[in-house]
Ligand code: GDP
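Shown here is one chain on its own, the form predicted alone, set out as structure tokens.
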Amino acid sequence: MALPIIAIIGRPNVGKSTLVNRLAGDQTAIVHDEPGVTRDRTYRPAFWNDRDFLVVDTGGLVFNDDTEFLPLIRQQALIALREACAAIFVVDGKTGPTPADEEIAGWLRQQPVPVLLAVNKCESPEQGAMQASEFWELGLGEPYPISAIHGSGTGEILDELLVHIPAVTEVEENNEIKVAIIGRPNVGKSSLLNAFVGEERAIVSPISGTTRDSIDTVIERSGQTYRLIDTAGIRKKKHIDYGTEFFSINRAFKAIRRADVVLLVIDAEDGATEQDQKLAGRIIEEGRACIIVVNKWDAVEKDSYTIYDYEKTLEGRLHFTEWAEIIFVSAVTGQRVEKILELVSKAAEAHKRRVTTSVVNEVLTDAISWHSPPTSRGGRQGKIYYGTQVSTQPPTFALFVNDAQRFNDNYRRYIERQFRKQLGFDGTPIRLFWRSKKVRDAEIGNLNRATRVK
């Protein structure tokens, strides 16, 4: 059963994101002293007493200005209200009621959703009630003085909110696959998210930096649940100033870390750039499964050889991700978009696959029979005694050998290729740790000596 949704509404810089962080019990929503930091609607799980719900942060509402993203922000807030079972209208107790607050209040009175009025920035218990009393004139019922930054007063408004939050008794097994959508600015990440969802889930604009928060969206296909995480476009480090973009990119890197599979979105017209190479390196460093999504394929002039030539060039630029599947799509037309989720499921399965020790050693025996380990100039040959899988996500193997230094990079890559070929680890990095027998014997000796000392 889907969790009930509470929408947080208000004009810019009244502390909506701070309140979302307070209710959700984390610091996920970006908080910065700059209007318009939040643009898309972002969902966070929260609970109070015996009720679980989602709290949705929205962009600051401005009705008398249609420049830049403001009409799109209003559209996102309206969608949030349509989904919500209740809303919290946040105002600034320090500034008092403003014409913008009155305009939003008039708009909210026309909506079918119950609205609670939270007067934020009432840090002083003595002055808080007086500050809040000024907002009776908005005609939305009792104003609750709160301090989102300190948490005072939030319990009272949550107690009142419980009346509107239905209890959720059915608990579903969490088998979702977390999918982070990563890429440079303007490669079509938000358009791809909207194509999956079938609605304007995220604001799409040719202006760089439109997406700022990491946006979680849950969808289902053929009984499988996917949590899609849209992220801010990641520019080169030297172009990033401290502020909103800095926090946005940190969110994007955290999204890679918490994902099962990462979609690395590349602009088909630009090809794989140096920044794309760095992002691919970051994905490997975090040990995440990966699908390379070449977007805007509809904008490329093609003949019967184009896709093969493009794929060959791409593999050359991203040779260290040769294990990742490549798919050519158009988020605008929907071409092959649904196919991405099939590849995601396959990569997620490989990412968490565990192989028995007997199977690992069968693969090693077969690989050694076809290509023996290298021999040193002194005639000493490398020997692989046995291997075993030590962890998953990504699949990680320990290979116990006589001397790890006798195995050059070419042979190590050969063994990795055999693991992939025989065990089907497509779409995920795998890690091989080569453990020398002399190192292992030394470790045992140290352990024995430590035991004798005790």
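Note that the rigid core is defined as the largest set of C-alphas that superpose within 1.5 Å between two forms. So that there is no doubt, residue numbering starts at 1 and follows the sequence shown. Computed from a predicted model, the values in this text were never measured in an experiment.
Although not depicted, the form predicted in complex with ligand GDP is the subject of the following passage.
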item	value
Option from 331 to 339, 216 to 224, 99 to 107, 367 to 375 whose residues, in the predicted bound form, bring a heavy atom within 4.5 Å of ligand GDP	331 to 339
Heavy atom of P185 within 4.5 Å of ligand GDP in the predicted bound form	yes
Contact of C85 with ligand GDP in the predicted bound form (heavy atom, 4.5 Å)	no
Contact label in the predicted bound form: T321 to ligand GDP, heavy atom within 4.5 Å	no
Partner contact for E286 in the predicted bound form: ligand GDP, 4.5 angstroms, heavy atom	no
The unique member of L162, V197, I149, A129 whose heavy atoms fall within 4.5 Å of ligand GDP in the predicted bound form	I149
Residues within stretch 95 to 131 having a non-hydrogen atom within 4.5 Å of ligand GDP in the predicted bound form	N120, K121, E123
Displaced residue check between the shown form and the other one: G281, CA, 2 Å or over, core reference	no
Displaced residue check between the shown form and the other one: K121, CA, 2 Å or over, core reference	yes
C-alpha of A348 moved at least 2 Å between the shown form and the other one on rigid core	no
